[in-house]
Structure formats: structure tokens, C-alpha cells
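Structure 1 and structure 2 below are two forms of the same protein chain, each written out on its own as C-alpha cells.
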Structure 1
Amino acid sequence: MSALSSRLRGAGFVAPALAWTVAFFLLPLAVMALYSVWQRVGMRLVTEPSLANYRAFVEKSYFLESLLNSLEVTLLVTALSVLLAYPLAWILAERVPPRWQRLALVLAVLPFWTSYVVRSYSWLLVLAEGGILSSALTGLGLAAEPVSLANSRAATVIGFVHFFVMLLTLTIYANLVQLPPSYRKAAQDLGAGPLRTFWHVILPLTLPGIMIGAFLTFVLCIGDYITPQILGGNNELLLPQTIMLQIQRRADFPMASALAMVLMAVVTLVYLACARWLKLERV
């Protein structure tokens, strides 16, 4: 096969996927970028380019606050998920006998496969007034009145952490089992106790797994609409909820597009900040 014909054929194989991605992903992104510099005035679309939507984003506390809420919730969720998942991944990798590890891991992530909408609804069953948690607390005499955590930031965080603990347990576990046991032996032979071994040897070596998981958590969490809408309600809006309000209630696509651009910019910034830990070929 000549080099030219190989190139042409290769291009032919890639063309359909490329065409699909360009037509239904890149083009819509470009349309959205264009929309973000247009305005909706009354029911009309004004196609005079201006930065009015971005100015509104900076000036109206309503928009800026939803971004801040999103950042706060996302950072809290990411930190909590890493802190909860790491010990679990460690126990799975170190304490569970090897022949049971697969089963233990499959079990640990089984609820991952529940429908996303249903998973948030399930937490509502636990956290709502009269739900399991409320009944348990009043039954044990720990609370006099029925308690409700639904429609609060706490509920959103719990729902998110539940999802991401499973994800992070997977990525951190995958990293831990790749570590050669000789490293730890070497550290111990050189006189390091378990804590120093962990801090100076294991933790730095598992940092890539942690960072990949944390980055995934951040990206998926800050862009999610379902969990905050079902569990957090409308008391305090996160950025995706504000975007959806612009689309559904107000049909203001230009403003929604500008907010979406802000969301993409935040994710890109975070990616650039973590890029040196995210060797993507290893994912």
C-alpha cells in the first residue's frame, strides 16, 4: 500500500466520526459562543455583538453568587470525597484478601449504576421530613421534632459525596494496587514507621490517582444540574440551575450561553492548574 493511499484510506475511516463531532459538538459550541455576545431584548434577538451578558454576569449579584455557591459546594464535595474514599481504597487494597478484592470493589461501586436521577431521589427518601433519617433520630430520642435536610446545601453535598466517593475509590484503588510492595519494604528497612512510610512514600506515589479522581469530581460536580435541583431545591442556586432557569423560565438563550461560557472557562482554568498531575495518556 503506498503512503498516499494509506493516508487517504485512513482519512476515510476517521471522516464520519470527525464529521459527527464537528457538526454536533464543535458547531453548537461556536453557535453558543456567538449567542453569548448577542442579547435578548423583549422577545427579540439583537444580533449586535456586545459584552452586555458578561457585564450582567459580573454586575448582578444573582449570577455571581450562583458561581460562588457552585465553587464552594464543588470544592467541599471534592475534598470530602477524597478524604472519605482514600481510606476505603486503602483498606480494599491492603486489608481485603486478594481473592475478595474484586468482589469488594464491584460492591463498593454497585450503586454507581443506579440511574442518576433515581439516586438523587433515593437520598430524598432518606433526608426528607418523615424519611429514614428523621424517623431514626426521633425514634432514638435524639430529636424531638421530625427533621428535614431536604432542600438544603447539606443535602446537595451528601448526594454528591455519595456519587463521587464511589468514583474516587475506583481511581485511588487502581493507583494503590500498582505500587510495587518493594517500595514500602525499602522505606521500612531504612527505618521509617508506618506513618512516615505513608506520608513520604505511598501518598506521593498515589497523588496522580488522587488528582485524576479529584479533577473528574470537580468537572462533573460543577456542571451537574440534577443533584442540586432535586436535593438542594431552589433556596440557593448553583450555576447550572441558574443556566437552566435562563433557558426554561426566561428563554434567554444569549444569557444562558454567556453563563455556559463562564462555566467552561472555570473548568478550563482548573484543568490548566492541575495539568501537570493529569498525564492524560494514563487515564
Structure 2
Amino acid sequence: MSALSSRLRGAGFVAPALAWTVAFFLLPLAVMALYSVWQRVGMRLVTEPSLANYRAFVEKSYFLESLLNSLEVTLLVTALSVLLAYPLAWILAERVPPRWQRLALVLAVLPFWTSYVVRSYSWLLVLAEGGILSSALTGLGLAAEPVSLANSRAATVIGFVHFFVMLLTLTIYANLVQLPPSYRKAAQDLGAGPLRTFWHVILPLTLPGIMIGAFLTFVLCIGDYITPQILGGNNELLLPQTIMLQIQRRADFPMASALAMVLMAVVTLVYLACARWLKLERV
């Protein structure tokens, strides 16, 4: 087979994926970027390029506050999910017998089989006043009055963590099961105890799984609209909710596009930071 034929064949394999990416990612992104430099003045769409929407994002405090709220919630969810997922992944990889690990993984991913909206409303029933949590606390005498965590940042964080812990568990577990047992034996032969073996051998080798899971958690969490809307209510707005308000209440698609581009820029910066960090870890 000639070099030209090999290249054409390779291009044929790549073309469907490339066309899909262009049609459903690059083209919509370009349209959104174009809309972000237009303006809505009254009921009229002004197509003259301008940075007015981006200036409004910087000048109007509630836009910046929604971005800050999103970053705070997302970083908290990511940190809590990592701290909870690593021990769970460790138990699945090290303590559960190999013949039961597949069943344990199926049980771990069961939350993914439930509708995202159903999970959010289920947590609302648990955390609301008079819900399962409130009834349990009052029944045990730990609370004198009904307790409600619904419509708060705490409820949003709990709903997010419940979902993303499982995602991080899978990525960390995939790294843990690939570690050769000889690494631990070598560390023990060199006099390292369990804690030093974990800190200097196990943890560095599983960092790629942690970072991949953490990045996916960050991306999915910061762009999520459903969970903050259902569990957080309207007590504090995150950036996705602010974007939807621009569309639903004001029909200001240019401003919504500008906010979405800001969100895209944040995700891109986080990706570049994670990619660079992982590259340094592999050296």
C-alpha cells in the first residue's frame, strides 16, 4: 500500500469524528462567540461588533458574584469528592476480593442509572424541612425543631458530591488496580512503612487518575444548571443560572453568549493548568 493510500485511508477514518466535532462543537462555539460581540438594544439586535457585553460583565457586580459563587461551589465539590472517593476506590481495589470487585463497581455506578433530575428532587425530599434528615434528627433528639438544608449552598454541594464521588472513584480505581504489587514490596524492602509507601509511591502514581476525575468534576459541576436550580433555589445564583436568566427573562442572547464564553474561558484555563501539571508529573 502506497504512502498516499495510507494517508487517504487514515483521513477516511478521521473524517467522521472531525466532521462531528466541527458541526457540533466548533461551529456552535463560533456562532456563540459572534453573538457575544453583538448587542441587544431594546427589542433590536445590533450586529456591529462591540465589547460592551464583556464590559458589562466586569462592571456589574452580580455577574462577577455569580462567577465567584460558581468557582467556590465547584472547588468545594471537587475537593470533597476527591477526599471521599480515594478511600472508596482504595477499599474497592485493595480490600474487596477480585471476584467481588465487578459487582462492587456495578453497585458504585448505580447512581448514574438514575435520571439527573430525579436524583436532585430525591435529595430535595431528604434535605427539606420535614424530610428524612429532619425527621431522623428530631427523632434521635439531636434537633429540637425541624431542620432544613434545602434551598441552600449546602444542599447544592451535597447533591453534586453524591454524583461526582462515583465518577472520581472509577478514575482512581482504574489507576490503583494497574499498580504492580512489586512497587509496594520494593518500598517495604527499602524500609518504608505503609504511610511512607502510600505518600511516596502510591499517591504519585495515582495522581493522573485523581487529576482526570477532578477535571471532569470541575467541568461538569461549573456548567451544571439543574442541581443548583433545584437544590439551591434562588438564594444565590451560579453562572449557569445567570446565563439562563438572560435568555428566559430578557431574551438577551448576546449577553448570555458573552457569559458562556467567560465560562468557556475558565474551563480552558483549568484544562491548561491540569494538562501542564500532569505533564510535569510524568517527567
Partner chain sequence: MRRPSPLASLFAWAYALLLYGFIFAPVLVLVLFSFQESRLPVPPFDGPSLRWYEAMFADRRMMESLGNSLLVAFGAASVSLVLGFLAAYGLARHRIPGRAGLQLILTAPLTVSYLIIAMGLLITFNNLGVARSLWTVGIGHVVINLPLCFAILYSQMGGHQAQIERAARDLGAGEAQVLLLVTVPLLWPALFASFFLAFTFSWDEFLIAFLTSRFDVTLPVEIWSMLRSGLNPQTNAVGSFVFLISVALVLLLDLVVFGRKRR
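No experiment lies behind these values; they were computed from the predicted model shown. Rigid core here is just the name for the largest C-alpha set that superposes within 1.5 Å across the two forms. For numbering, take structure 1's sequence and count from 1.
Of the two forms shown, the one predicted together with the partner chain is structure 1, not structure 2. Superposition on the rigid core between structures 1 and 2 places the CA atom of V22 2 Å or more away from its counterpart. Superposition of the core reveals a Cα shift of less than 2 Å for L269 between structures 1 and 2.
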